[in-house]
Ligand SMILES: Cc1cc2nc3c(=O)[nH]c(=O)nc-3n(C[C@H](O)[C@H](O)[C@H](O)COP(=O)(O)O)c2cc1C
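Have a look below at one chain only, the form predicted alone, in structure tokens format.
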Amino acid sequence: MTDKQQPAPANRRLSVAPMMDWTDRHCRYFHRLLAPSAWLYTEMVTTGAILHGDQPRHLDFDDAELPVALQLGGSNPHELAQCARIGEQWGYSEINLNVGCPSDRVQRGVFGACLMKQPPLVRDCLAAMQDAVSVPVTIKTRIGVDDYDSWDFLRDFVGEVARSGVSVFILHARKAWLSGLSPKQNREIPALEYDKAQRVKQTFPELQIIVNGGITCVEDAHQHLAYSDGVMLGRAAYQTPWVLSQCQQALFADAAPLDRTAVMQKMIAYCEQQQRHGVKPRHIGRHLLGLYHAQPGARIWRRWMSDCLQRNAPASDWLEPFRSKQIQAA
């Protein structure tokens, strides 16, 4: 367990979604370089993994990632309270409850999106978590699940859950189907309904509403910030990561300009430091594949990095396309 130093509280205008298999600690370090003011989230960690598994593997992070939130998956109030307390002790800036994941594995554990069908249980889980910690406790949820997709259902769900005292709701503006669709399809089907997220904010102005789902660029962010308290980027932040830098520049007045090459050089230094602790370069380099998306030489960059990852080449090799002038520094 480590003693992390908490920064001054940041606002939630920009955040990066928790994404399984993607937003590990190395990805978050990269995203922090691109967006110093963003809130970052861990992948979902189940209560069982924390209580009975390897805590350092699941919970360790670098101070540079702060502010960073721990997202928990579970449905037992006592276990969630225990894990929230452990997360706070590890230095996390926020503890978040996942009430949005639709995967079969999550459903078998009776948590994730299926919890939307049990608002009192969600309320009790969040209340127990809040009682256990002094850092903020938040919820990430959908706007509906299966046939529970009316405005009345969403309004009553938010109202009941808010009785826990939780005031930050991250709304993925798409309902979840618990059968018949894969998790990947649940990120694209059915259609996004941003009007419901806007209506939640209008109905509960005292709550902070962060909008998630389908936000891919600065223009999207501005559109949703017109009615919400923040935007959360998901796949776009991972597949086209420079959008985080663009959002940082557009949404925060004190943002310093960045360039891709400088970011990459910092990631090389980070990778070399991590290698001394036994981390393989491919576990870090995989997050950089989209760094030159839509730029001259992007295809060369992806092809070269893919080869480096396959060979588990040292991070210093990542610079070869720049040394050979196949890609111009930018």
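The numbering used is simple: start at 1 and walk along the sequence shown. Values in this document were obtained by computation on a predicted structure and should not be read as measured data.
One more form of this protein, predicted in complex with this ligand, exists but is not displayed; see below.
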**OP:** Examine Asn98 and determine whether its closest non-hydrogen atom to this ligand in the model of the complex is within 4.5 angstroms.
**Re:** yes
**OP:** With heavy atoms only and a cut-off of 4.5 Å, decide whether Lys140 touches this ligand in the model of the complex.
**Re:** yes
Original post:
Do Cys247 and this ligand share at least one heavy atom pair within 4.5 Å in the model of the complex?
Top reply: no
Subject >> Ala176 within 4.5 Å of this ligand in the model of the complex, heavy atoms >> reply: no
**OP:** Report the residue, out of Gly214, Gly144, Gly230, Gly91, that has at least one non-hydrogen atom within 4.5 angstroms of this ligand in the model of the complex.
**Re:** Gly214
Original post:
Just one of Arg155, His222, Arg235, Lys117 has a heavy atom within 4.5 Å of this ligand in the model of the complex. Which one?
Top reply: Arg235
Original post:
Which of these stretches, 206-214, 83-91, 124-132, 158-166, has heavy atoms within 4.5 Å of this ligand in the model of the complex?
Top reply: 206-214
Subject >> Residues from 42-61 in contact with this ligand (non-hydrogen atom within 4.5 Å) in the model of the complex >> reply: Glu43, Met44
